[in-house]
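Next comes just one chain, in structure tokens: the form predicted on its own.
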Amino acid sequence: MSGILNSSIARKVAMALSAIFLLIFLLQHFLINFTSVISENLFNELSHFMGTNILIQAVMQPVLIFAVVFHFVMGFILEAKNKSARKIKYVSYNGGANSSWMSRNMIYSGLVILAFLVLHFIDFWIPEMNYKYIQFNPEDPTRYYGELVHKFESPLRVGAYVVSFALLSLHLLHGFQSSFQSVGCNGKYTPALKAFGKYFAILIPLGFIFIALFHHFNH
């Protein structure tokens, strides 16, 4: 860990690897949530499997939580290191000319996404832990769809989700390509990777927004 913190290259690679892991989780999370639009029964089945499978609960869930915390902590460290490296301001420097708005404001979009994740944990993860490990309620494979729809009844909560996923899209437009570049994915596949990253960064957040709006207007 000290090696990661002391090496700029190691920090960027570690940040990129955690980002790629979270991208995979985001896609998986979207695919499961999207089934709630198609089939209530299928969504309940998939959610029940995810919520009761020992490998997912005991291994993948702690790894995911660690990856989220690590990614944001590393993001703050990189931002602090970059600011300290720019203490001497050059007259000729023009941030807008040398980098995109998204790359210059990743920390701010990241903070909003972090706030959204806290809301998401309060909405779903904490009630799930309370249901299973504090109240010790019996398993109910049919409860997940109703719980999801209930969360999207509030227009304020849906609005927060929409804004958060819009900023997530901006965050991903820069972060997707940057992550793969940091781990050395450059060459003849770069144009295809850029195109895929652009579509991913736009379509996945839009898909989440669609899910929230669908359940809000159909509850």
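In this text, residue numbers run from 1 along the sequence as written. As the structure is a computational prediction, the values presented were derived from the model and not from experiment.
The form predicted in complex with a small molecule is left out here; the points below concern that form.
Across the proposed site, 167, 210 and 214 without exception lack any heavy atom within 4.5 Å of the small molecule in the predicted bound form. The closest non-hydrogen atom of residue 145 lies beyond 4.5 Å of the small molecule in the predicted bound form. Contact annotation: residue 34 falls outside 4.5 Å of the small molecule in the predicted bound form, judged by heavy atom distances. The closest non-hydrogen atom of residue 16 lies within 4.5 Å of the small molecule in the predicted bound form.
The small molecule is not shown here, and in the predicted bound form it never comes within 4.5 Å of any heavy atom of residue 47. Only one of 174-182, 49-57, 34-42, 146-154 lies within 4.5 Å of the small molecule in the predicted bound form by heavy atoms, and it is 174-182.
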